[in-house]
Ligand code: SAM
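Before any questions on binding or motion, here is one chain by itself as structure tokens, the form predicted on its own.
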Amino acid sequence: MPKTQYWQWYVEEFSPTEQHRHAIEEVYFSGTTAFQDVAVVRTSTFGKMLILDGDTQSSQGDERIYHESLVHPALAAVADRSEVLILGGGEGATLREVLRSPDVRRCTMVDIDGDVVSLSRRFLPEWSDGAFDDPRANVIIGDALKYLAEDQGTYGAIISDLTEPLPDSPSHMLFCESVFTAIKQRLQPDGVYVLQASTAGFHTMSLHAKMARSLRKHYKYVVSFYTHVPAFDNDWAFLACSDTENLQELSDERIRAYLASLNGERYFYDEQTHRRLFNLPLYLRRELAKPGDVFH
């Protein structure tokens, strides 16, 4: 049988010595917004894919692994889910997962790049699955820094689905002491702040450890968790921050009660998955225990 010939490839460069290549079957959009380079493509293995500044953000094949991991451990731990804030999340999938909880009265999502939101609604409607049109969704196209400074509300959960805080990223300025303080002021005393927090691979975990160290002075519990996301070709890490809830110790009973209340069908997360998410390998625990750089 002859080999299939692909004439277009998306090459994601993790470092000068490491790449991941995806065969592209169709390009829906490729261009530059006011904030970043954006591409929406269909790949042979992962289906449709959103790419920002050359980095895979999510894929049709496995986005639920990432988004269920980001949202549901935090919401399972929160007593008051009536008001939720999302920073970033332009695809709408984080919003979708939050709104699966009938306890959510309003979910405010703030994303700076309206073009990404529009492109996602046009080309990736499976990601949001109607969430943008849910009457409980309050979608704001604007600067999260400005919103945090001007907003007077408080939230049971704040979910950060921003891009990694790399120097060339529009999210870089959102990882500093003043922003951490502003987020804490918007969080209810028994609330949970959860964020995507870079990679947990043995060779790529330094940024995640720096993020964890930076948040420890703000919260009693700063707990790392991670899972493998195939489209990212890496183990992806998250941080759950709270003064009252250690998500690593969340009981099976609380998780099951929360899951029983959700609308729609789950793909990845349950109480057994929760235990796996929070059981870290020794090399990552050692890295997290080291002193080192923090965001200022």
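From a predicted model like this one, the values you see are computed outputs, not experimental measurements. Note that residue numbering begins at 1 and tracks the sequence as displayed.
Another form, the form predicted together with ligand SAM, is not on view; read the next lines as being about it.
In summary, among the residues Ser128, Gln196, Ser101, Ser224, the only one with a non-hydrogen atom within 4.5 Å of ligand SAM in the predicted bound form is Gln196. Residue Ile112 is the only one of Ile112, Cys107, Ala209, Ala74 with a heavy atom lying within 4.5 Å of ligand SAM in the predicted bound form.
The stretch among 45-53, 267-275, 248-256, 22-30 whose residues place heavy atoms within 4.5 Å of ligand SAM in the predicted bound form is 45-53. Ligand SAM is not shown here, and in the predicted bound form it never comes within 4.5 Å of any heavy atom of Ser69. Although the partner is absent here, Ser214 lies well away from ligand SAM in the predicted bound form, with no heavy atom inside 4.5 Å.
Put simply, Asp161 is close to ligand SAM in the predicted bound form: some heavy atom of it is within 4.5 Å. Remark: Gly88 counts among the residues lining ligand SAM in the predicted bound form, judged by a heavy atom distance of 4.5 Å or less. Contact check for Val116, Ser171 and Leu174: all three have a heavy atom within 4.5 Å of ligand SAM in the predicted bound form. Counting a residue when any of its non-hydrogen atoms is within 4.5 Å of ligand SAM in the predicted bound form, the hits in 227-251 run Phe232, Trp236.
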